[in-house]
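Take a look at this single chain, the form predicted on its own, given in structure tokens.
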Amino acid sequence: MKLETVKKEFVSKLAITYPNEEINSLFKILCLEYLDLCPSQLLLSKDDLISRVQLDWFSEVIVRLLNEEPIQYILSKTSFYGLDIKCNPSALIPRPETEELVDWILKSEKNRISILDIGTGSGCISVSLAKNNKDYSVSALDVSKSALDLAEYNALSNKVNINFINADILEYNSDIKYDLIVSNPPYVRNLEKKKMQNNVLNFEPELALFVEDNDPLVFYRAILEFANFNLIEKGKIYFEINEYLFNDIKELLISFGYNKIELREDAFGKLRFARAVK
């Protein structure tokens, strides 16, 4: 079967679930990953013959896409801050807005510092920080052993050294002090589920996403309580936050005695990040 025919079938079968622009984007991604054809080569390669093995792979991918499985899980990877990050359902898929949090830290913190990434998931934050500033000493904590296994793989594949800690921040105690703590903890309230897409709800780990409606800041509070003893004086906290709870986050930081509190918008104009000094 010719590639052009494969594309027509791909578009036809996915049209019931995805908009045409997204289908074309997915096809280009798959052709690059599996056929080693970049978008500029597709038109020139439309008459190329696709093998039975390749056809079977496309058929399998179509089924998984129709089931609304994220393309990052299908390919088992994504790009984050210029790095290849392995993905699987044990951790959230790294988001572009989290790249903005990493960028904020890298551009603001130039000195030799120790960093703890709480709720590291895939390790995208800690790996990117360690890769882009050799003066950082980075540790990363997560309650999920399978997520830590994934983060360790990403650290190894990107050739960075990170100290991994398997612990629950709601219960964790340590004598180690850090210059900076960063976290993108669970912050989506259950009441917000109805706004979320099936590819998130059905595939990404609930443990890393959702909090109870009556206590949505539970992890922020736990992190700040930990920081009472484990963040140096004048140390910094960086958070990714729920855009609807920015005032609550600010009040929480004030209640813990933090100053120089700064809230920052993401590229879409949503208040998504917070920074404060102890």
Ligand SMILES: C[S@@+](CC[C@H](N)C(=O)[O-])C[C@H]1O[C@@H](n2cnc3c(N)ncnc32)[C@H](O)[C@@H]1O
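Quick note: we count residues from 1 along the sequence shown, nothing fancier. The structure displayed is predicted, hence computed values, not measured ones.
Here the subject shifts to the form predicted in complex with the ligand, a form of this protein not shown in this document.
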| item | value |
| --- | --- |
| In the model of the complex, F219 touching the ligand (heavy atom, 4.5 Å) | yes |
| 4.5 Å heavy atom contact, I125 to the ligand in the model of the complex | yes |
| In the model of the complex, D135 touching the ligand (heavy atom, 4.5 Å) | no |
| Contact flag, T120 vs the ligand in the model of the complex, heavy atom cut 4.5 Å | yes |
| Segment that reaches the ligand in the model of the complex - one of 139 to 147, 192 to 200, 156 to 164, 107 to 115, heavy atoms within 4.5 Å | 139 to 147 |
| L231, L263 and V277 each touching the ligand in the model of the complex (heavy atom, 4.5 Å) | no |
| In the model of the complex: members of 90 to 116 within 4.5 Å of the ligand, any heavy atom | L92, P94, T98 |
